[in-house]
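Presented as structure tokens, the chain that follows is alone, the form predicted alone.
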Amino acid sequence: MSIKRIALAYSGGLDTSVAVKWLGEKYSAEIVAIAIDVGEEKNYEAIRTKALAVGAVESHVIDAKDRFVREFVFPALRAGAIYNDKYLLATALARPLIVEEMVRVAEATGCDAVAHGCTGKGNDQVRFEVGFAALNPGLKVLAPAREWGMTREEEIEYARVNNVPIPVDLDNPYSTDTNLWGRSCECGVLEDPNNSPPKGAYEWTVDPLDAPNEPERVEIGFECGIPVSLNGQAMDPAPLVAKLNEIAGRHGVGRCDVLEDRLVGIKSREIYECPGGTVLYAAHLDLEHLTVDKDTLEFKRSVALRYGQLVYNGLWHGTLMPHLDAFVESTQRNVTGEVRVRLYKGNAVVEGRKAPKPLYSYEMATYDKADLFDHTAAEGFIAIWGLPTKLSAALERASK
């Protein structure tokens, strides 16, 4: 297959900047650089200009922060999706959005190939390439960092020889990824799972020991499981998450240290910060317990587990996800209300909740004179409920 134009996922860092030059030389192709802003707080105009400076024929910057939260983060929140019991899937949720935007721009600009900067050891290569195959299997997929075989030193020398600007922070001991939903940190001293994370591993959250000595309370409003307000003020998805990141982060909420089962078969040690997400997950789950019936909640736990696995394993565009989304959508019809959360020294504790359609009934739950529960029904219920246990026990005794 002759490759004439390549759409490259471009971050502005060393790997993707070298990839512009390397791909152009190897395939004698034009490079279309695509940077997707999902809340990494970079200078995206500088990134757009840098891509052109290192050889791209086009450079696109797409502001996708609101879409990221609205179409990817909040559906996962409503599903209750978590990976390895702790990880709120920040990086994993951004990848299918990036794939969608890359395919869109690649098709619009006449590209016959797409490329990413992932190595052969991580999860993201799978997420990108499976996503590309789902959305446009006709696009050739290239992975230059997996193909070129250069060491870090050789890559730096290649950049120097080819006048590719070298970032000033190459001596950073950590590998990080950031978007509006969360921040990940790995490598360096963190690769020994017995090492305590140093302060430098965190950026979004203060040490809980140094957090304010007075708690702060936030109230989150939901409509059909979607966060719509913070402290009584209606807010769009991206600003709501950003503001909650700021508030919860200063109280040390949202730190997570995970021994993670990577899709490629190894375990890795990851440090995550997801302050706003931690609060939203706690509030949403609590509101579900007020508004969703027991059987649905119990089944939904299995859906949440599977949903998290699909996101992590790069199967957002797979065949199962639409069916899980349909189930989750149905469960959220009455998940509307407000939840009050206390933030203090690294903890987010729900203190109160209210909803227009609660399943909780004061008259059924109370022990005071307003009690409407039929106590006389208990005896018959217990007899029938315990009948299988009673019969089994009698059989066991008779056989001894």
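The shown structure was predicted, so the numbers you read here are calculated from the model rather than taken from an experiment. Just count from 1 along the sequence shown to find any residue number.
Absent from the display: the form predicted together with arginine (ARG). The rest refers to it.
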Each of Phe74, Ser229 and Glu338 having a non-hydrogen atom within 4.5 Å of arginine (ARG) in the model of the complex: is that the case here? no
Ser175: touches arginine (ARG) in the model of the complex, heavy atom cutoff 4.5 angstroms: yes
Thr205, heavy atom within 4.5 angstroms of arginine (ARG) in the model of the complex: no
Within 4.5 Å, heavy atoms only: does Ala238 come near arginine (ARG) in the model of the complex? no
Does Ile98 reach arginine (ARG) in the model of the complex, with heavy atoms at most 4.5 Å apart? no
Which of these stretches, 158-166, 182-190, 293-301, 136-144, has heavy atoms within 4.5 Å of arginine (ARG) in the model of the complex? 182-190
Within 4.5 Å of arginine (ARG) in the model of the complex, heavy atoms considered, which of Trp316, Tyr281, Phe132, Tyr87? Tyr87
I need to confirm a contact call. Of Ala92, Ile220, Ala81, Cys111, which residue comes within 4.5 Å of arginine (ARG) in the model of the complex, counting heavy atoms only? Ala92
Check each residue of 127-151 against arginine (ARG) in the model of the complex and list those with a heavy atom within 4.5 Å, in sequence order. Arg127
